[in-house]
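Here you get one chain, nothing else, as structure tokens; it is the form predicted on its own.
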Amino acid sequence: MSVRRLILYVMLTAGAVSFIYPFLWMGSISLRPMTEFQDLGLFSKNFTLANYQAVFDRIPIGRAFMNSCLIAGTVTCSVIFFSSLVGYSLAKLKFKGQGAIMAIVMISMMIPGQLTLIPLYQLIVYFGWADSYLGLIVPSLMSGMGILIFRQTFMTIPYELMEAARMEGAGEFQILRKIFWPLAKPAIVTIGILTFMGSWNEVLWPMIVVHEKAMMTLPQMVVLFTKGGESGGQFGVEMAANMMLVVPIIISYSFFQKYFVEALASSGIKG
């Protein structure tokens, strides 16, 4: 092994450790008694689940977890479905105003979400969707990034496959479902992970729309728990709540990281 390659491996290892260690330490702290919070090591002889039990005793964390699963799951599925429809239309169909629609999609990705919070909240109140799942789900049913990734992915699929399917009597949706979706698995996984992570970690919008504890999402509940005083300033209890928020994201990414990297590497702007 050359010295240059050895130095590269050492630098990559150091970078990986510096990134992973805080998460490992957070998990370790969440399992320790209060007397060991100052220890920067990862191991202890007194690991306990008392901090997690305290979280469940003080706040409805289970209900918040189920709310987040429902909302993030619904948003992810809807973004994949609707974005693939639009991406297919922009990539393979010819119609008037196609360029304008693509321009609108690109422009929408450049607008900070904070600028639309007030008008969006007014619409939610007008429709009576405050403190409801609709208020949390409907504004996120479509994604400009999802449309772009699907469009770029579908543009790489030959027209000959579409023509062959049409000769067999397949409609546009059948072509999308039976040909394009199976060939676009990396893009579907990538959009799914990005959307799920974004929806799961969203705090600002739920804070605006939801005020009843029964409707709160997990990130919203954790923020109120750690910053609102319900944790009693107990560091281990706060870390336990944060671990319950982080672990689902780590698990989902670990399972699908291969497709995630593959899609990002092949989704450059073409045509």
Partner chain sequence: MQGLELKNLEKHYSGNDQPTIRRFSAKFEPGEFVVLVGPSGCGKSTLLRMIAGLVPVSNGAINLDGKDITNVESNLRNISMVFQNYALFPHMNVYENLAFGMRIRKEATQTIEKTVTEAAKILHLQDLLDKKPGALSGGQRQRVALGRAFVRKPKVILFDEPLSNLDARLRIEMRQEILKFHEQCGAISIYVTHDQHEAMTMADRMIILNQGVACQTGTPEEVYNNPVDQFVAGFVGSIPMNFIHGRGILNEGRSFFQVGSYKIDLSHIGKDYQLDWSKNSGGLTLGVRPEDIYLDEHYSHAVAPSPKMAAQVKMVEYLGDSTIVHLEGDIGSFKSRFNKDLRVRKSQKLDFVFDLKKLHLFTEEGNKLPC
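Positions refer to the first chain, counted from 1. From a predicted model like this one, the values you see are computed outputs, not experimental measurements.
What comes next is about the form predicted together with the partner chain, which is not displayed.
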Practice task
Mark residue 123 yes when one of its heavy atoms lies within 4.5 Å of a heavy atom of the partner chain in the predicted bound form, and no otherwise.
Solution key: no
Problem - residue 131: touches the partner chain in the predicted bound form, heavy atom cutoff 4.5 angstroms - result: no
Exercise for the section: Using the partner position in the predicted bound form, report whether residue 164 sits within 4.5 Å of the partner chain, counting heavy atoms only. Expected result: yes
Exercise for the section: State yes or no: in the predicted bound form, is some non-hydrogen atom of residue 174 no more than 4.5 angstroms from a non-hydrogen atom of the partner chain? Expected result: yes
Problem - Listed range touching the partner chain, judged in the predicted bound form by heavy atoms within 4.5 Å, from 176-184, 146-154, 72-80, 193-201 - result: 176-184
Fill in the blank from the handout: in the predicted bound form, the residue from 169, 119, 97, 112 with a non-hydrogen atom within 4.5 Å of the partner chain is 169
